[in-house]
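In structure tokens, one chain follows: the form predicted on its own.
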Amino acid sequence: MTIDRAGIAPSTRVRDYVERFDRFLRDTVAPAEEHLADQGAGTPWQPALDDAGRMHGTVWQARREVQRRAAAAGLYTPHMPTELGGSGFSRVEMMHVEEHVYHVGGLGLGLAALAWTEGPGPHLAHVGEPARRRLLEPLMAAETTAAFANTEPHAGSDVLGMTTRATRDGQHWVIDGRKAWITNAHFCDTVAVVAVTEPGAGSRSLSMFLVESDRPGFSRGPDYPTMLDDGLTGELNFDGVRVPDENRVGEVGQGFALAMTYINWRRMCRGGMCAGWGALLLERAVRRARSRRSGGRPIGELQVVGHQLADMDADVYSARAMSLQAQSELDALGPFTIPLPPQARRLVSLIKVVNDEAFFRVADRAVALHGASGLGLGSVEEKLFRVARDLKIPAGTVEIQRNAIAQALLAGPDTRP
């Protein structure tokens, strides 16, 4: 397929966003990071944890302040539709934005300026008007934060194996169940919960609801320590939680499609995230190869080191190029349409598996090129190596992505000559 370079180049509004984001980093984020450094609470990428294993409150509040200021500056939700208060950026535009944010933001507070798990996602475009005013608008303004509750202790990639139930009771729903491995479980104000509403109905058996964290029967479970060591992952419990029908997202039976809308969004975001962080690691590796000396000369002159740099460059470049082309094709197909076309599902899985695996190789080589310093806890290389391994699991494992790609290929037309 011929690449439409005009269709994948940064648009005027992307360039404007990048300029405003850079000013935001300088004028708002940098002072906040300096203040945080004096608090003894750790860093945004290596926060201290409280007695319960959760992110230190000082770090959390610093992130929240950045989110609120980013929302006020119009930087927080460029991915959301304009009718909801977002900027309506396409997936190609968002990849350029995400790439820049992760590249120049590195691992600092600047990453909080762009809504992620804690903010509104495209699945919430299906919220009805009453809940939109009560629940979505505060999320758009970063006045509140969210969590996406899909995974359960015994149901991960097998979404239809979940046991959380939502039972209708007049104009309300009663939710019972337990969700596990939930990002932002400890701090969320609103939770998008996927639950079974019609057992045995296959992909139509699930529905999605927004649940406020102050509703009776809602409780937060223990922290789940992970290799990211950020104190943000935990458990959520629903014990007879009653929510009005207006808190339902989309139609009854649409929960699986809405969950996949959210999950596919996270998969698509891998393109910009891995391109930005990959470029950061490559730049640091090149500087290391120029400055570190062995036998009286820079290690970059050693062929084995040069080859590792070349392999890193190849991975970053090829994964980025593939992602931009795929995002362009997804824009043409409609990245968040319901139902999502089979060819779109294949492209989304390609973005995730290619980036997850390329970025892991880049991070692994980055650690190797930095030697002992790359192993130091809290170094950029050590942290991003752990992130790279983690990325292969959330939002669908790389093995599940291969299944989806193969299924799309086998279900497609026979293209033999």
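For every residue, the number given is its place in the sequence shown, counted from 1. Computed from a predicted structure; not experimentally measured.
Omitted here: the form predicted together with a small molecule. The next part is about that form.
- In summary, among the residues Asn150, Asn247, Asn264, Thr77, the only one with a non-hydrogen atom within 4.5 Å of the small molecule in the model of the complex is Asn150.
- Checking Gly156, Pro335, Gly86, Pro122 against the small molecule in the model of the complex, a heavy atom within 4.5 Å turns up for just one residue: Gly156.
- Partner contact region in the model of the complex: 225 to 233, out of 225 to 233, 202 to 210, 287 to 295, 302 to 310, criterion any non-hydrogen atom within 4.5 Å of the small molecule.
- For Thr183, a non-hydrogen atom is located within 4.5 Å of the small molecule in the model of the complex, even though that partner is not displayed.
- In the model of the complex, at least one heavy atom of Ile393 sits within 4.5 Å of a heavy atom of the small molecule.
- In the model of the complex, the small molecule stays beyond 4.5 Å of every heavy atom belonging to Ser11.
- The small molecule is not shown here, and in the model of the complex it never comes within 4.5 Å of any heavy atom of Glu19.
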